[in-house]
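First comes one chain, alone, set out as structure tokens in the form predicted alone.
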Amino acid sequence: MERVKTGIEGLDEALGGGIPKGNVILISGSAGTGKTLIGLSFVYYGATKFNEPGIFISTDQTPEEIREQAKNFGWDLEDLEKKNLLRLYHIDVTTEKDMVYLKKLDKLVKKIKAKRIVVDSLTTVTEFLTPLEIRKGTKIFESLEALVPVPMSEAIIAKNVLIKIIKHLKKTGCTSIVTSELPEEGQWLSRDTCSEFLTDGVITLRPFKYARSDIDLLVVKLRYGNHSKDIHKILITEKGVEVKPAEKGVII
């Protein structure tokens, strides 16, 4: 299966050559582990190294904040936007209704002929937007209630929202990365406890317990291809994300 390179050399090696084209990959980690930066690197390197337009969707940061963050690594996002190689889109979960952001996404994909999409993060969508949508009685949940005439928990509704988002990403034909918060302790691989089953691949980022300057990166699953089973180390430097060679034979 054709692979899409992230542009982060060590990460592509861990992924067995890159992300299978058209797949949706979950990057899950606790605060400060580099989820947003890896996602931003994916669209930045896509535009600068492979001439592939990308869309970065943020639920937590405005486009202005993302542009400023990128400048820390010497990345000029405004120039890429002018060249139609990048679009930054902020989802305001306090105003978006009926998941209209998916329709806006379709327009952006067509406008710049996007090949890559990042959604950062699913946690905000499921923890904030879902209860808001329940209270306002929007169409998507009215339809669900008609099909399932019993009280639905927020977890069930959140799963339906995630299914809709991930299916929509796949329909665009783009290769996508989505992020999720991950508690440092716990048995699940995402805050919502179901993204890991819905996506095509999962990468976890965990701080090394005894040296927080190091972060463990592990490719937990990847459909349609082989991948490294070893733990990698990543560092966040002035140049961006660096992925070190795998530690061979580490038991987790």
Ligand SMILES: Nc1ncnc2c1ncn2[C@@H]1O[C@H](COP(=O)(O)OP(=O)(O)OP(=O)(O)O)[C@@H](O)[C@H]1O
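Bear in mind that the values here come from a model prediction, so they are computed numbers and not experimental data. So that there is no doubt, residue numbering starts at 1 and follows the sequence shown.
Note that the form predicted together with this ligand isn't included here; everything after this is about it.
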Q: Sort through 34-42, 195-203, 219-227, 47-55 and report the only stretch with a non-hydrogen atom within 4.5 Å of this ligand in the predicted complex.
A: 34-42
**Q.** Candidate site T62, Y101 and I165: all three near this ligand in the predicted complex by heavy atom within 4.5 Å
**A.** no
Q. So in the predicted complex, does any heavy atom of F73 sit within 4.5 Å of this ligand?
A. yes
Q.
For a quick check, can you give me the residues of 221-238 that have a heavy atom within 4.5 Å of this ligand in the predicted complex?
A. I236, T237, E238
